[in-house]
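Let's start with one chain on its own, the form predicted on its own, as structure tokens.
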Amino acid sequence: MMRRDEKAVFALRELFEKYGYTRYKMSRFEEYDLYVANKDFLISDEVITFTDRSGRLLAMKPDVTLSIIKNAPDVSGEVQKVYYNENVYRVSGGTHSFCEIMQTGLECIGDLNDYEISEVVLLAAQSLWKISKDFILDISHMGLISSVLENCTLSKKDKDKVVKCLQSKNAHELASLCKALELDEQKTNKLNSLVVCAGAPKKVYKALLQVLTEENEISALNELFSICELLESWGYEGKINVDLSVGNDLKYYSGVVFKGYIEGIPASILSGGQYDKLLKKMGRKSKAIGFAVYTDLLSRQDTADAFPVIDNVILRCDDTDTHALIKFIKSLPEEEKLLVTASLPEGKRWKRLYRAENGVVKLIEENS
């Protein structure tokens, strides 16, 4: 039987090719200089490196986007559309060990207009739909955020503080910061609106229009709302959520940014946005937008689903009274699954967790 991640890869490949995207295949290794110059763009700033036989410092690819940009033509009037299915190699944030991560995604690079940008965001929503009908796409706009910050005449240091408040949705800390900076009521309301205005696109649009005053702010808001309207007209109303805490990397992203979630996976399974500033930093005139689907998360979910839920797990301590434990087990419903163990089992899920010690069996955790 085909795994869920394998089904997703085939479905996404078919979707991307339908819209004219061609397969991009990259080498497993790239020169380290490509990544060290753009470490801030990477999800993890730790890159796995080694020296080849000629003395060159190479990296196990931690990212696909940078490689595509490096090899894409920078010609006025041209647009390159590519998709990929690649494994990237990173250092795990939790275990600090090397890990291999499977990604499927696309990049649209070149002389882009509103259509290409809208198409990519639509493909992001369609990709989520292909994987699960129960999804949410959170969407933001870095042009809107940067315009508000510029119009509030903040220093770079203070902008970073505001962005930190925005990322954590900390309205209280933001209010204290605005007071310390002695910002007037209009500027304070603008910054506060970036934190508190979230939810259905029409609701957020209406709320932001009441506080935004400058032409560049309203222009970015209209661009964001236009994309949301397109997504809702496609049948995704109720699945699109405006959340200005998404992204917030002012160094690389310039326009719409987004993250996608599906039922059953606690982390974002899709992430992307418009990153014109990255291309400018790399000496290119082109624009670019793209996204990645973390299909490895689907394979992890398959692994979790492969283990049935155990009704009762009993942690057996060294001083467990065997007779008392057997008596307790006898009291459990006969049809329920049971596991008695000296340590918490990895990869297992349970409804109820007990501890047996000193002749007593106590319930210590219960999951619905």
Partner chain sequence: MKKTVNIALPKGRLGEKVYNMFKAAGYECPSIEEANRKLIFENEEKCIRYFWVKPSDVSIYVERGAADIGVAGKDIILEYRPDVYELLDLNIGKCRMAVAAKKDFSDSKASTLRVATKFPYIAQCFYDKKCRDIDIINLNGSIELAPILNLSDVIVDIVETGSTLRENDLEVIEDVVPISARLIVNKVSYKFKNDEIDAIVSEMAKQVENK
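Residue numbers count along the first chain shown, from 1. From a predicted model like this one, the values you see are computed outputs, not experimental measurements.
Keep in mind that the form predicted together with the partner chain is missing from the display, and what follows is about it.
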Stretch in contact in the predicted bound form with the partner chain, which is absent here, among 249 to 257, 210 to 218, 79 to 87, 172 to 180 (heavy atoms within 4.5 Å): 172 to 180
task: Consider the chain as shown here, without its partner, and state which of 150, 111, 263, 184 has a heavy atom within 4.5 Å of the partner chain in the predicted bound form.
output: 263
Heavy atom within 4.5 Å of the partner chain in the predicted bound form - residue from 222, 168, 155, 71: 168
query: Applying a 4.5 Å heavy atom distance criterion, does residue 136 contact the partner chain in the predicted bound form?
result: yes
- prompt: Would residue 243 count as a contact of the partner chain in the predicted bound form, using a 4.5 angstroms cut-off between non-hydrogen atoms?
  reply: yes
message: How about residue 267 - does it come within 4.5 Å of the partner chain in the predicted bound form, if we only consider non-hydrogen atoms?
response: yes
